[in-house]
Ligand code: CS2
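First, one chain by itself: the form predicted alone, in structure tokens.
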């Protein structure tokens, strides 16, 4: 790539793409990360190409200035590199009209939500961005940021920004608007609405009453399920994309060919024709959510932790190992699939085959450390319900237990065990708390009990399942003493054996 290649700007790329009118944004997006730019923005580009409309996107980064600066430098353009082993294809969505950092300009977030031109707010702020207590599922009123937002300071929390923005919108006349969560939360629309209402109820002297009435008549919170694998951008990808474009793109986004978006069609202020890009409008979002969070995400986590412990840096490398592939298939069929109802019209075996094709996309290079990051939040969304279902039916979910054991072996290794560099690269809000426990844990059983029962990291119901806690502990010890391969073999062999048959 020539160092004098021009920067990607309007007119610099030969890629034909709709470009939103910079003066006619209809969507405010909170969480200007790679996933949003490869998913919702791409669907919106298809909607504009197919049906037009005033649906430009104002992007709000939570804290990072680098992406915002790069978006401004490139006229809010960037490329999405769709990658499979045969080819890399590029699109330039061209739908963003502005970008800024929400932490630096919280009052601007409020102003945009109040603006009648904005008819949809979408969110990809990750599970950590909703300021709720994992144990109660309620708004965490003890969170310092939430407390500050309730006093009237410029709001910094996502829920505070939504609530204060809707409060300002109601005061300005109250045009209808939809708030659409695109994060991996159960019933994410209802969950987001519950948190916003809790914030308004917590305001002093009935200050939120008018806004609560406005929510009743003019605000919708449709649930949605989003699915696309979007790895981290690498310097090599920047060079390859820039060569293909003939212009320097500093912020390309790699993505797999597969993309799915299932949405409830409840948009108080209208919506783009997202179906033009393949979005599915359905009353079965809950089923799509279960399918994705358990079959894709739950199994993905298992692959990531086992792969990291085997010294493997990417998901495609991990799934090529026979025992990890066997573990993935076993957890899918024996432990996750019995816990879900598939959406009408979706064939479970076809979806299962797609998953293995996606995980095996060797050109994508999705890293085990990236998938394994934030397991304390991700696993809480993925494993408790299917694990509890199996336990209630007298079955031990051995591979789900192995997922937890792999997570703890990576994040909180017992003395004398080195999980390797890929585990060390995983970040997690709970890592500091977890790192204190191995020093006072004599065995895997001690560690599992302190995390699952003591910290209730995966919920209070699973914390009470002594047999599950003990099984996680056994597998931690097996990983430490005999290696991850032995633990995989043991868990796969034992999967779905009724517990009564395991008694001596």
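No experiment lies behind these values; they were computed from the predicted model shown. Residue numbers count along the first chain shown, from 1.
Not pictured, yet referred to below: the form predicted together with D-mannonic acid (CS2).
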Original post:
Based on heavy atom distances of at most 4.5 Å to D-mannonic acid (CS2) in the predicted bound form, which listed stretch, 330 to 338, 293 to 301, 404 to 412, 213 to 221, is the contact stretch?
Top reply: 293 to 301
Subject >> Partner proximity in the predicted bound form: residue 227 to D-mannonic acid (CS2), non-hydrogen atom cutoff 4.5 Å >> reply: yes
Original post:
How about residue 248: is it within 4.5 Å of D-mannonic acid (CS2) in the predicted bound form, going by heavy atoms?
Top reply: no
Original post:
Is residue 378 close to D-mannonic acid (CS2) in the predicted bound form, meaning a heavy atom pair under 4.5 Å apart or at it?
Top reply: yes
Original post:
Taking 4.5 angstroms as the cut-off for heavy atoms, does residue 366 touch D-mannonic acid (CS2) in the predicted bound form?
Top reply: yes
Original post:
For the spot marked by 184, 370 and 382, is every residue within 4.5 Å of D-mannonic acid (CS2) in the predicted bound form through some heavy atom?
Top reply: yes
